[in-house]
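Presented as structure tokens, the chain that follows is alone, the form predicted on its own.
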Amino acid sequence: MLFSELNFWAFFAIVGGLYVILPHKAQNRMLLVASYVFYAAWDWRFLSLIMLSTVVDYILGLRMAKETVEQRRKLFLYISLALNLGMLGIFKYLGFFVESFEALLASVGFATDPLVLSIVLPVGISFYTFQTLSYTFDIYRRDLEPAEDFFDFALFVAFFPQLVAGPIERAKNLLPNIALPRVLTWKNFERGAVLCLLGLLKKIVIADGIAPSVDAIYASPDPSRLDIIFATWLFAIQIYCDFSGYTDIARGVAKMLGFGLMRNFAQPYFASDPQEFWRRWHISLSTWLRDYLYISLGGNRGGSFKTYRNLIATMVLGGLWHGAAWNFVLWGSFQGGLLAVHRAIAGRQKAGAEGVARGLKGMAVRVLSIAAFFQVVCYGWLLFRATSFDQIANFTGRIIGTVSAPAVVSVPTPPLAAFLCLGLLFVWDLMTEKSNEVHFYERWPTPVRTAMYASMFYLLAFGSTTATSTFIYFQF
């Protein structure tokens, strides 16, 4: 079930109807069943993986919390790591590594019999494995007490709004929200509905509306320089609207049920440097990588070289988390390199800084920095979107002029509704940024808010004629 399809909203109407008439514990049990039904609608066979991870990590969490011998506590942690990363490795990366090894042998002259692995990637496996791993890590670090109620823990793992594409929740946030009774309020319902509406606009009208334009250029055998630049700008918009749209809907659905999921995006294209970008983009993943990988590798302890090494290693693994392909490794390396270079430069600038420019000059510097860094981000998205190293090299050569390219611009024009909705989104993000308040619209008079909601519904109806597609991050 896709959030952008009517069958999901029929499913949610049934869940919501039952939810309001049931007591707290029964709500949780019903939500657990609903979450399993939601996931089974994708492929019921992979429910066994979620259930296995749930049972093992629940038992390990209880044992780890009671154990006083450090070596045994580490053993329980390693079992959780082996199970969750093992499932992730088999279903997501085994075929990739086998194919890469065969290609390496072939490159040095060894003939191999191709091993074809038909392994289906379970939707959402990267998200729920990281979510359960954070639970066992926090218990091991004694930052969290284990869940006593098995079914509450199972709901934490499988909660349907964020099950297949995040945000990657922490047990410290979501488990108390599950364990304690929730109060349904009109304010939360309105906020949740606005998030859902905004997410649908991002996904259906903008992301799905401009996707054909991006696909046409990245499938073209001979695109022009401007084609590649325009298509990559559009892809930056597409992936942001697609993924943040999913998150908005997930958070909106959860909020209408009384749950508060973490914010996953904070106007990332208003960032002026890589560190700021990763504080704004896919926040649940970037903070997970920081807390459980970067810090575990040593963080910024041990001098500059080790810090840069840890940054790059973290982002390379973060790139590989996105998919089993070498362009994701390259994208992660690119992001890690940006963070390392920025850290080195920012450290020297901080030592000699005399103050921050203010007024019009400061605003102009900020805007120019954002615009310049957006181009850097977009080149990273070219690495992310490209289908092969050859395409990366070819497109890069066409952009910088070392590879000849036609002068004619052939990128298909996205529909009008996508442009109108993109304008609305820019104003929305700008007002959120300037006010530092995601609910800025609540200060408006009721007639103004009503007009805004009506305009959003109109744009959704106007733009819903485009063909919908699955969310990009479902493949991760």
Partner chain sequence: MHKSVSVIGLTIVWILVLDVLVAGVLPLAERTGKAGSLIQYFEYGRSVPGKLDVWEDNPGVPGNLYDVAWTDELLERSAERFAGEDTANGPVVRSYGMSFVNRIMRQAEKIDPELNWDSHSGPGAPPNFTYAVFESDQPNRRQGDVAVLGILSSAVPSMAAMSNSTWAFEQPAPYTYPIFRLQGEGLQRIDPLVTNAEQFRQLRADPAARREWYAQLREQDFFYGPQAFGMSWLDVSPFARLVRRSVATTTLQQAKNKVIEKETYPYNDVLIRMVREFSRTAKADGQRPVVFLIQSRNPRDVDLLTLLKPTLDAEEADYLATAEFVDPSDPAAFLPDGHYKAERDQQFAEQFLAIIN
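Numbering follows the first chain given and starts at 1. Because the structure is predicted, anything quoted here is derived from the model rather than measured.
Note that the form predicted together with its partner chain isn't included here; everything after this is about it.
- The stretch that touches its partner chain in the predicted bound form, counting heavy atoms within 4.5 Å, is 413 to 421, out of 413 to 421, 58 to 66, 29 to 37, 432 to 440.
- Put simply, of Leu88, Leu175, Ile217, Ala266 only one has a heavy atom within 4.5 Å of its partner chain in the predicted bound form, and it is Ile217.
- Between the options Asp149, Asp143, Asp291, Glu190, the residue in contact with its partner chain in the predicted bound form by a heavy atom within 4.5 angstroms is Glu190.
- Although the partner is absent here, Phe457 is a contact residue: one of its heavy atoms lies within 4.5 angstroms of its partner chain in the predicted bound form.
- In the predicted bound form, its partner chain lies farther than 4.5 Å from every heavy atom of Leu47.
- Put simply, Trp9 is far from its partner chain in the predicted bound form: not one heavy atom of it is within 4.5 Å.
- Its partner chain is not shown here, and in the predicted bound form it never comes within 4.5 Å of any heavy atom of Ala13.
- In sequence order, Thr446, Pro447, Arg449, Thr450 are the residues of 425 to 450 having a heavy atom within 4.5 Å of its partner chain in the predicted bound form; the partner itself is omitted from this view.
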